[in-house]
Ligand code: BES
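Just one chain is shown here, as structure tokens, and it is the form predicted alone.
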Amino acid sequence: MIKINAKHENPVKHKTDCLIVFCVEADKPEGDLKKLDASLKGAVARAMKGKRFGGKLNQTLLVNTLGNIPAEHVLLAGVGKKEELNLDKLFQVSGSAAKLAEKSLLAKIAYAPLDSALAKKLGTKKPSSYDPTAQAVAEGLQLALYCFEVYKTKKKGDPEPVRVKEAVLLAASSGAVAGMKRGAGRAKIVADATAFTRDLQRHPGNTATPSFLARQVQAMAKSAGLKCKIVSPPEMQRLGMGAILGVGQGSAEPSKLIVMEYSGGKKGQKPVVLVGKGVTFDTGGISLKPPGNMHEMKMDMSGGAAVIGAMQAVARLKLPVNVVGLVPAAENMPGSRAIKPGDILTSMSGKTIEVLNTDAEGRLVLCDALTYAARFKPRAIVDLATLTGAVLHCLGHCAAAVVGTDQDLMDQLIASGETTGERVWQLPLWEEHESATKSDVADLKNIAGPAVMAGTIMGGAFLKAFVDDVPWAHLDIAGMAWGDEKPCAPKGASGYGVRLLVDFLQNAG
């Protein structure tokens, strides 16, 4: 656990292993950096003149201070062009710098204050009691230093790895300290929730079963102050949830519907309902996936994990909004009782579904959860799912796709994506797409025929049939939930969606 504090002190006089300084793109030191460089006997100017550092985004350079200031090292962290700087870039750069500090075996770090012009540019436009720049810096460093070593064995006598243990955010004035501390406090809540989400994503399928997810949520709900209910197969049968039960019937692991409720808004305020796909392992069922990367299908519950993490953060932040989180959890296996291509399932809504491909199971577990969501009389529904591989062909690992029924709702999600860096890109959802979900032998079919491509949109078109007259948005996060290493995320599980949803709900209060 990293201890984070804020204090007012001249960075030139602050004693630490590593002083991190944010630098805009430039040919020579300017402003506060020029003053610091004077104390360093021109070391920064020489690095810039020698083209070893120029302040480009996420560029870093570690400089030994040679005892010229109390800090043992100065780490220059490039934020790019001044006019292009935003909170997401500050978040990234904070993480990049923290990673280099830890790799360099520096356990205590401090961040110098942002140049006053930059701080003013990044300040929140709405009245706020917390410093958003402090939150971005503190979130970035914590998420960049996330590690998951639950399943690694340690040999007797192996030295403990050097981790960053302490971070200080230096304030430009004594009056700024309180807001920075509050920003850092918010960052810890959001980072902890994102780390919890990443942990759930990373556990292997033989650990993270639907029952495991349910137990994890029950424990989290108790500590965070959420109401929690677990709907098990007998009750699902009574409710007519034939779609989620169909997906899970080939597995020895019982399916679960995890229900979380948070009441932070006014009494009687309609809630926002979040729904997250919780397929804890996806073999594809009878429509078996190729074996190449099947081991990664433990992450097919990433939408559900994001909803769980967001609910934890919302409760601990005490946001003034009512929120319900639903996670339909199942394991998709090709057992002797598994559904087969051509089978017809009856969903909770009463609509019948022809299963043409058992690997299009995510929309089946979600459709029953979307019907269940109606009992909360929501003002909006947002679902998240690693639904289609097609979204990677469309957007790669750069953004999630969104389709829906309400432009204002989608615009809010897109705006939150820009703020947090968890980007969202809208795709169309036309009548032709909805028509292509109609089956010849049932009400709907779970995939369209080969004449209709648009796999990501077709997944949304299928889900739309289970949403009544409520603003609804569907996020396909398959390209964002899992991927290569980024400044503030390790290779593999990213925890995508937690920060996006928290920002969205904060503005929806």
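On a predicted model such as this, the values are computed, not experimentally measured, just so you know. Residue numbers here begin at 1 and follow the sequence given.
One more form of this protein should be noted, the form predicted in complex with the ligand, which is absent from this view; the next part is about it.
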Choose from 224 to 232, 389 to 397, 431 to 439, 146 to 154 the stretch whose residues reach within 4.5 Å of the ligand in the predicted complex, heavy atoms counted.
389 to 397
Closest heavy atom of Asn357 to the ligand in the predicted complex, within 4.5 Å or not?
yes
Quick one: does Arg363 come within 4.5 Å of the ligand in the predicted complex, counting heavy atoms only?
yes
Contact label in the predicted complex: Leu326 to the ligand, heavy atom within 4.5 Å:
no
Hey, in the predicted complex, is Ala478 touching the ligand, heavy atoms inside 4.5 Å?
yes
Quick check on this chain: which one of Ile447, Val470, Ala465, Ala43 has a heavy atom within 4.5 Å of the ligand in the predicted complex?
Ile447
Which listed residue (Ile286, Met297, Met410, Leu213) meets the criterion of a heavy atom within 4.5 Å of the ligand in the predicted complex?
Met297
Using a 4.5 Å heavy atom cutoff, which residues in 262 to 282 contact the ligand in the predicted complex? It's fine if the answer is none.
Lys277, Asp282
